[in-house]
Structures are given as structure tokens and as C-alpha cells.
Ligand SMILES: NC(=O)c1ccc[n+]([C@@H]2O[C@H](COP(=O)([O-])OP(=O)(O)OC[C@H]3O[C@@H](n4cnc5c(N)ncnc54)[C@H](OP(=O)(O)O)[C@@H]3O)[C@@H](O)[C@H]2O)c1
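The chain below stands alone, shown as C-alpha cells; this is the form predicted alone.
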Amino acid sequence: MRILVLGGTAWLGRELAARAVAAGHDVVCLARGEAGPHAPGTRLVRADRDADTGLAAVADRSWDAVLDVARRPSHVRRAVRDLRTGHYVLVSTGNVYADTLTAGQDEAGPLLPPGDENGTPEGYGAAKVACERAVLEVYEGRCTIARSGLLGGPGDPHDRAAYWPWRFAHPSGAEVLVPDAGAQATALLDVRDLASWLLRCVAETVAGVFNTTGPVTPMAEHLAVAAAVGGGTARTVPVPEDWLREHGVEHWAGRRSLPLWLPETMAGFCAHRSDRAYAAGLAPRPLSDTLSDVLLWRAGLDREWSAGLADTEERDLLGAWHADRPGGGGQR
């Protein structure tokens, strides 16, 4: 098949392109930025992200499939206007849902009003709603829309999945600081499994809107798997969420954060139902396999962490916690 990947130089896009090449397809990657190198075996075409004629270099032929990871509605509207393809795949997000609190939502859950990206989490979700609408207006019945949740695996630039196995493998001391949120849902899907499934949707013309998240796993269980993967003997110290917030620890991602930890208002984000995608062939690998692979991959990189606590930050926080709660100790 002739496959066009829009945005094939960043993490998921590159994984999609690499797997398409491995399956024997003719793959072109169109880059609208400078995210990184394109996958070996693909042909790279660069485009002006803002020009109305930016897709001219790939609009003069028909494609068997277009795989699009764009987050800007203007890019998606231009693509569905200018490109000719038998099947359109859009990677969307679980951020499109208006209700972030309720667990167990399926694809019928209410969506945010469509909007344009403005750099905020709310803006991201609203922009993806607009992207979905643009695709459905032209390709309904001939498109796959994947509402992705948290992705992990080798190549992850965000370090959300890698932090916990790394922290257990490289503790800053005898204890590991964790949020006291053991019942909170997590749902990590390996990027390789999502990419493989999206290509299957192309090959089998699977159409529709799908939540594509990993199995819902309580935070305590996720951390136990990360600890087993990382090894070591450090004790976990669960610290109340209010205390963490008061001491400047961030949720979810970014520097000085505890990855995967969500505010209560976002409790439903990692608890969406993906039964429909599973029935259509999405097959998540065991969490331990993803964490083992991302730990091995991350160990080979020499760059600053994008998420989590630095060693000194964790030690200072543990010291402050024990000072506030003499004899608090830890548990494993």
C-alpha cells in the first residue's frame, strides 16, 4: 500500500512509519516541523506548516491510507480538503471528553465544544474535537479515529512511563516518594501496540471512533509492577496529595512531578472503556513488558528527565515529610 504519514518524525508518527515499512508498504512522511529524523526506509517531504498550499507536494496522487497525528484543526482541515485517500486515520485523544471525573466512559461520552489549540490542556482537547469533526465530515465510514490515552514505551520524550521503574532501579536513598493515591486509575498503552493496531485498521478497513487506552490498573498495582521491574530494596513512602501540592509537586507530567498522579477532577481520564478497540483487535502487551523495555531504552540516553523528581528534590521532600510527621516511616 501507498501510505502517507502526516507528522512522521515524532514519537508515534515515527513508530507508525517504521512499522508500515516493516510490513512492506511504500511510506512517505510529511514533516511540518523539526521533531526528529524520519524512519529508515521512508521518504521525507517537508512542508510549510502555515501555507495554505503546504500539502501540494503530496496532493498530486492518491493514497491507500493517510495516518494523521496532527493537533491543529487547520492542519487537519487542509489535509481532508487536499488529499485523496481510501482510508483516513486520525490519532485523537481522551482529552476530547467534557467529563473528566466519571470512570468507565465509552465513545458516546459528551465531548468538549470544538475549538482551536491555545496551549492549555482544555485547548488541546477542544482542538482535537475540531480535528475529529473535520475528518468525519469528509471520511465518515472510511476513517479510524483513535482517542488515545497515556502512551509509553521506547522513544517516549515525556518520560511519564519511564520514571517509576527508573526511580525504583535508581533510588535517591532508602525510600521512594509516591502519592498516597493507590486506588487512582492508571491506563498505559504501549506505543508499539497502538501503532500496530492502527496499521491493522488500515489493512482491514476498520472504521469508527475508538477509545484506545491500556487496561485500567490501580496506581498501587502500577507502582508494584514498576518496583518489580526496577528491582532494588527501597521502601515506598505514600504521602498525602494535599501535602504534595502544598510543597510544589506537580501532577501527571513535567519537571518536579509525580508522573501518572492525577488531580481528583481528572480521575476519570485514565478509566475510559476501550472494549470496542479490544474487540477490533487492539491487544495491549503486559505492563511489565512495556516498563522493562522503556527502562532499558531510557538507561541508554544522556539527557535531562522530562518528568519526575530529581534526586535532590525527592530527598528534600522526604526529609520535609518526615520532619512534619516524626516516625512516619515507609512501607513496601
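Everything quoted here is computed from the prediction, not taken from an experiment. Numbering starts at 1 and runs along the sequence shown.
Beyond what is shown, the protein has a form predicted in complex with this ligand; the following relates to that form.
Ala31 is the sole member of Ala31, Met266, Ala280, Val58 with a non-hydrogen atom within 4.5 Å of this ligand in the predicted complex. Exactly one listed residue, out of Thr236, Thr100, Ser172, Thr93, brings a non-hydrogen atom to within 4.5 Å of this ligand in the predicted complex: Thr93. Heavy atoms of Arg276 never reach within 4.5 Å of this ligand in the predicted complex, leaving it off the interface. Taking the partner from the other structure, this ligand in the predicted complex has no heavy atom within 4.5 Å of any heavy atom of Gly125. The closest non-hydrogen atom of Ala271 lies beyond 4.5 Å of this ligand in the predicted complex.
Taking non-hydrogen atoms only, Trp321 never approaches this ligand to within 4.5 angstroms in the predicted complex.
In plain terms, the part of the chain that comes close to this ligand in the predicted complex, with a heavy atom within 4.5 Å, is 155-163 out of 108-116, 80-88, 217-225, 155-163. Against this ligand in the predicted complex, the set Val176, Arg245 and Gly308 makes no contact: no member has a heavy atom within 4.5 Å. Although this ligand is not shown here, in the predicted complex the stretch 38-67 places heavy atoms of Ala47, Asp48, Arg49, Asp50 within 4.5 Å of it, in sequence order.
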